[in-house]
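Take a look at this one chain, the form predicted on its own, written out in structure tokens.
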């Protein structure tokens, strides 16, 4: 990990934080609330509340990851946190965003197809959340890949 650039380490940190949110979501939905989350008769209130809670949770986890990562990076490397962005960084950001948005779009379409095929509503909601979290993971993996590749 010592030969990784700042951007690569940041991508790994965000990927790790996203995986933590995925684990928490799976434990909450499939373990603690399996009778509600996997029931075809479940009302939409459970999933509405779950989705409303996971979005701010993801934002808070990302903010905390950013703060902790920068503090740890500064402590370990003795470098100040002023990292500039050049054209390469902007191009990598655009490509990573494109990959994340495409991942979410595919998941969204799959969730709508599940409803067109008259699958239970929990399939649609779980596909929506999975596509959101997958998009976040794809963003981090794309970032890491493009920085390793050199674009």
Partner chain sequence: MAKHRIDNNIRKLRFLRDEMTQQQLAEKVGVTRQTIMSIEKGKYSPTLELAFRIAMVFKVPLDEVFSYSDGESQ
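Positions refer to the first chain, counted from 1. None of these values were measured; they are calculated from a predicted model.
Heads up, the form predicted in complex with the partner chain isn't pictured, but that's what we're talking about next.
Novice: Are 66, 93 and 140 jointly within 4.5 Å of the partner chain in the predicted complex, each by at least one heavy atom?
Specialist: No, none of the three is in contact.
Novice: Please pick, from 88, 106, 26, 123, the one residue with any non-hydrogen atom lying within 4.5 angstroms of the partner chain in the predicted complex.
Specialist: It is 88 that has a heavy atom within 4.5 Å of the partner.
Novice: Would you mind checking 126-150 for residues with a heavy atom within 4.5 Å of the partner chain in the predicted complex?
Specialist: Residues within 4.5 Å: 147, 148, 149, 150.
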